[in-house]
Ligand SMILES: Nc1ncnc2c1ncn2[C@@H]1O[C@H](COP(=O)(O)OP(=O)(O)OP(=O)(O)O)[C@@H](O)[C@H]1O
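Okay, here we've got a single chain as structure tokens, the form predicted on its own, with questions on binding and movement later.
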Amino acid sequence: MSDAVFETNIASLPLIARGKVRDIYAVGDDHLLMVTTDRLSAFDVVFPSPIPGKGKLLQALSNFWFAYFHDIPNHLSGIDPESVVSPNERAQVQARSMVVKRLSPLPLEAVVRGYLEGSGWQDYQNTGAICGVSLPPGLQRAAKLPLPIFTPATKAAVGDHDENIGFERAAKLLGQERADEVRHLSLRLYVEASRYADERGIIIADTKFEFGLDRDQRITLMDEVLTPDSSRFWPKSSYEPGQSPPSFDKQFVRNWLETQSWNKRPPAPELPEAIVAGTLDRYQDALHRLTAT
């Protein structure tokens, strides 16, 4: 654990916030330094056990997807993160950071689901729909949906739970035209990424995107993109409808937690070394499959 970065301590820049995984610092008036730590959250709770190197893996994968979707505006500034901190702080940001443009974040998470799992599966069992989107009856757990669906959620503060909302409420938050644009863009990103990942042996069951508005009020892709922290990645080779598939993401941690006597509220338990190592292996596997040339 000695090489893990659980929390940064960058004195040369003003600290703006510590999220579940990212530490955010001000870089002048127009930019932010976002550092992806090795913290892990599950059930919206941050765990005391870091996953050494996880932040670098997440950052590498986000960088890959930002480049892959180069025609979509994103928040990257092109400024070297190591250039905005003191020399003695560069190790904290190396390979796990980005200097980004300051945006006005949209007040929702743009969730896209292509398969029936997680809270979507629970919603479907209770209502026959997900976030108000009706689905055919009799679908199995982990079933592929007829078409991907947009199921937004409100953003929660650290320690709180995201809330799934219907599109009508999203339209009230963003305005109809903006909500339509976010839905269209989110579905496009998911479909194109899913097609690419499928060729690499990975099913992207669902994912969430975050967007902000730049000075010209353009919708801009921000935060992380299509990582194991923000998505469900399943191995295509062992996928079988009717059961929760093995995964390349933190579902591995969630599955272990479901066997523990923990009430899913802070404080979270320490993670055993085997769970830490297993999580890291899965993240490394996902990165290699998606980015190897």
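This one's a predicted model, so the numbers in the text were calculated from it and none came from an experiment. So that there is no doubt, residue numbering starts at 1 and follows the sequence shown.
Quick note: we don't show the form predicted together with the named molecule, though the next part is all about it.
Site annotation in the predicted complex: the residue of 141, 169, 183, 101 reaching within 4.5 Å of the named molecule with a heavy atom is 101. 24 is the sole member of 271, 280, 10, 24 with a non-hydrogen atom lying within 4.5 angstroms of the named molecule in the predicted complex.
In summary, the region of this chain contacting the named molecule in the predicted complex, judged by heavy atoms within 4.5 Å and restricted to 77-85, 175-183, 121-129, 102-110, corresponds to 102-110. In the predicted complex, at least one heavy atom of residue 223 sits within 4.5 Å of the named molecule. The named molecule in the predicted complex is not approached by residue 253, whose heavy atoms all lie more than 4.5 angstroms from it. Taking the partner from the other structure, the named molecule in the predicted complex has a heavy atom within 4.5 Å of a heavy atom of residue 41. Residue contact check for residue 117: none of its heavy atoms lie within 4.5 Å of the named molecule in the predicted complex. Heavy atoms of every residue among 20, 32 and 155 are located within 4.5 Å of the named molecule in the predicted complex.
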